[in-house]
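Presented as structure tokens, the chain that follows is alone, the form predicted on its own.
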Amino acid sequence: MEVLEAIKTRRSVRKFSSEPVPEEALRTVLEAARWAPSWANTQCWEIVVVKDPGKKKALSDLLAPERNPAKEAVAQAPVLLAICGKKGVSGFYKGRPVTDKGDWLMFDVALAVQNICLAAHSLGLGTVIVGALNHEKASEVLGLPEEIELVVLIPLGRPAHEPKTPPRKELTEFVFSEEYGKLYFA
């Protein structure tokens, strides 16, 4: 699958078959995260692979709001990836933030997350990025030390259905030339 095809056809999957994810496929997905770009090559991401049904259920119970459509996906997907970042590394030089944006952890972790989702899709696996949850309690469930921040959960498995393509903005709605407000594609 070509990159642009993967980008255009990947969808958020919230219903998974019970078919296990082959270890080789899981390793390929994790390898994709490894090759994500990062600030000064800091590679601040950390990933916890969760397969235990009880732990997945405990994490599912921490999703917000209570009727979160990804709740079942977190509990039922064969694999759950907890994507985390090491604090105070990305965007820092000699222990101090380099820009007014502070810690670049979220940006770098998002790059790894995108690689994970695209690699999974290219292997016929589905994902959904889940960020609406009680991060503090989920971090406890995962045994994360204080210097590691949980960013998102990603259920991973064979899709049980094919989600519909959502509408996308046209380039004419968000691409500007030289300054904001001057449309590039007029």
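These numbers come from a predicted model, not from an experiment. Just count from 1 along the sequence shown to find any residue number.
FYI, the form predicted in complex with another copy of the chain isn't displayed, but the following is about it.
Engineer: Residue-level question: is residue 124 within 4.5 Å of another copy of the chain in the predicted complex, judged on heavy atoms?
Structural biologist: Residue 124: no contact with another copy of the chain in the predicted complex.
Engineer: Taking any heavy atom pair closer than or equal to 4.5 Å as contact, tell me whether residue 150 reaches another copy of the chain in the predicted complex.
Structural biologist: The answer is yes: residue 150 has a heavy atom within 4.5 Å of another copy of the chain.
Engineer: Although the partner isn't part of this model, could you tell me whether residue 31 comes within 4.5 Å of another copy of the chain in the predicted complex, counting any heavy atom of the residue?
Structural biologist: Taking the distances in the predicted complex, the answer for residue 31 is yes, it comes within 4.5 Å of another copy of the chain.
Engineer: I'd like to check something about residue 115: if you look in the predicted complex, is any of its heavy atoms closer than or equal to 4.5 Å to a heavy atom of another copy of the chain?
Structural biologist: Yes, residue 115 lies within 4.5 Å of another copy of the chain in the predicted complex.
Engineer: Determine the residues of 141-171 with a heavy atom within 4.5 Å of another copy of the chain in the predicted complex and present them in sequence order; the list may be empty.
Structural biologist: Heavy-atom contacts within 4.5 Å come from 142, 143, 144, 145, 148, 149, 150, 151, 152, 165, 166, 167, 168, 169, 170, 171.
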